[in-house]
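Next up: just one chain, as structure tokens, the form predicted alone.
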């Protein structure tokens, strides 16, 4: 066959524009493509929830790619081992209750699972504000291209409506902080020091709706609550993503 450059460009533009238009209204938006966001989005999609994952960076995976200090291995405890099995992530037992997996495989399989579940990805897309109208709940997102934000260009954003928003933006808890800055009744305490046992054991309690229409998961949940950080053990991230998906799906009747 003879290739036509314009046809290639048209294919990309038409398909991505269609995806964007189709998700200007959706059930759930997950902000942040780290482990908790990926798990949450994949499990929501698996329940038939119309869901998109918005990631400000070029790549998906958050802090999981680098493992611990650029050693591409992660640790998952016994409580979350079933989620490694759920996403077909290979692992080895290091000591009783401690399982080691390859960070690259973990990110890749979580991402593939979300794609297989019908989740649409919008990378290089930043959320610069949220929509809160007369009902007093987060009902949508104000988005722009990340390069526009990085360059400091004055370019007006677009908006996407979503019934529920999941803040999976990690340590910064960016969406929750936007609500706090704009005067919403939400206080982001900020994450505390390193204490893996406490951080992992408390994260499910912190994974919840913190403002009408806004749920937090992963390190964003711990940051809002003022809870500790845990380093390169990722069981809590996966379990928190699962819990957020259950809560949102329950609200949607799925």
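Here the structure is a predicted model, which means the values were calculated and not measured. Numbering follows the first chain given and starts at 1.
Same protein, other form: the form predicted in complex with a further copy of the same chain, not shown, and the subject of what follows.
In the predicted bound form, a further copy of the same chain stays beyond 4.5 Å of every heavy atom belonging to residue 163. Put simply, residue 174 is far from a further copy of the same chain in the predicted bound form: not one heavy atom of it is within 4.5 Å. a further copy of the same chain in the predicted bound form comes within 4.5 Å of a heavy atom belonging to residue 66. Proximity of residue 102 to a further copy of the same chain in the predicted bound form falls within the 4.5 Å heavy atom cutoff. The partner is not shown here, but in the predicted bound form the stretch 121-148 reaches within 4.5 angstroms of a further copy of the same chain through a heavy atom at 121, 123, 124, 128, 129, 130, 131, 132, 133, 134, 142, 143, 144, 145, 147, 148.
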